[in-house]
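Form predicted alone, single chain, as structure tokens, below.
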Amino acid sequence: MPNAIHLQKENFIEIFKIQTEALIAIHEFLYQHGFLQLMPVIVSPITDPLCHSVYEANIEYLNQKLQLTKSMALHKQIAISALDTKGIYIVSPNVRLEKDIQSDNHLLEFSQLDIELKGASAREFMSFMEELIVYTFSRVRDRCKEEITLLRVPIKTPKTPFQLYSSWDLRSEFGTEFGFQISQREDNLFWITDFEREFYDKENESRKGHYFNYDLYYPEGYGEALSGGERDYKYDVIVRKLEERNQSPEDFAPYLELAKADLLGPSAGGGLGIERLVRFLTKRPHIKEITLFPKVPGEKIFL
């Protein structure tokens, strides 16, 4: 039974020690910067629609349709608007029932470090995340020397500022798989900006079809680390963008109710994949190698 053998693999202790220290470092950094930690939302009438199609994960409770969280993008925007604080974060479980994905970097069930900064610009959030990444890598390197030696994975502290690329420039040069191709050639973390995707990403009013959003990528072919952006929060703008994407405003009624009442405000944020972070730190060939109970798209789920 290959799945049972998976539980007997070597180095899980070293991998989970590195994961533990990475999470401790993240908590330390955010606590030092005055952030509040919130608890995750698991089910809700609304969730992130995503910019690609997945099988829906719905349940019904007392005649109300609820969805398993795909990401807390909408909830953390609502939370930062409601709370008098500079920033919030959540270690949030996500469920995305992917369709036809052949990848060494995807799980159906994973966790994100979801962060939101009140009143921040895209550039301010990106700079903040660079500081957090450098702090986390440095602390793991200093605290996990034995594990790093056993795994033979020297950890380099990334150099800042990270390189910045435009998705438009990369797409014209490399085609649709530009992110993976650039990741293979880089040796330091880097940003790709300006994607046309979710309705809540803030549009550049002076350049139609351009957005104040970003993805953070790992080098050496390890791919996407974080996705995020500035948020649109004005009711009329959000409704227009939903209609442009052929999405039903009714599917986001509670969120739109808050926007119409001017209870949403400017913010920027992103979600950093925890498993992908650990995979990069430990240089495992597949993301399933850093979890005891992997749920890989297209594979039978054992536990």
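Worth saying up front: this structure is predicted, and the values here are computed from it rather than measured. All residue numbers refer to positions in the sequence shown, first residue = 1.
What comes next is about the form predicted together with a further copy of the same chain, which is not displayed.
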Open item on the list: Can you tell me which of 214 to 222, 81 to 89, 179 to 187, 198 to 206 lies within 4.5 Å of a further copy of the same chain in the predicted complex, counting heavy atoms only?
Closed with: 81 to 89
Task: All of 23, 41 and 254 with a heavy atom within 4.5 Å of a further copy of the same chain in the predicted complex - done: yes
- [ ] Heavy atom within 4.5 Å of a further copy of the same chain in the predicted complex: which of 109, 104, 169, 124 fits that? Just give me the one.
- [x] 109
Task: Partner proximity in the predicted complex: residue 64 to a further copy of the same chain, non-hydrogen atom cutoff 4.5 Å - done: yes
Open item on the list: Would you classify residue 235 as touching a further copy of the same chain in the predicted complex, given a 4.5 Å non-hydrogen atom cut-off?
Closed with: no
Task: Contact flag, residue 245 vs a further copy of the same chain in the predicted complex, heavy atom cut 4.5 Å - done: no
Task: is_contact(residue 37, a further copy of the same chain) in the predicted complex, heavy atom dist at most 4.5 Å - done: yes
Task: Residues in 46 to 66 close to a further copy of the same chain in the predicted complex, defined by a heavy atom within 4.5 Å, in order - done: 46, 55, 57, 58, 59, 60, 61, 62, 64, 66
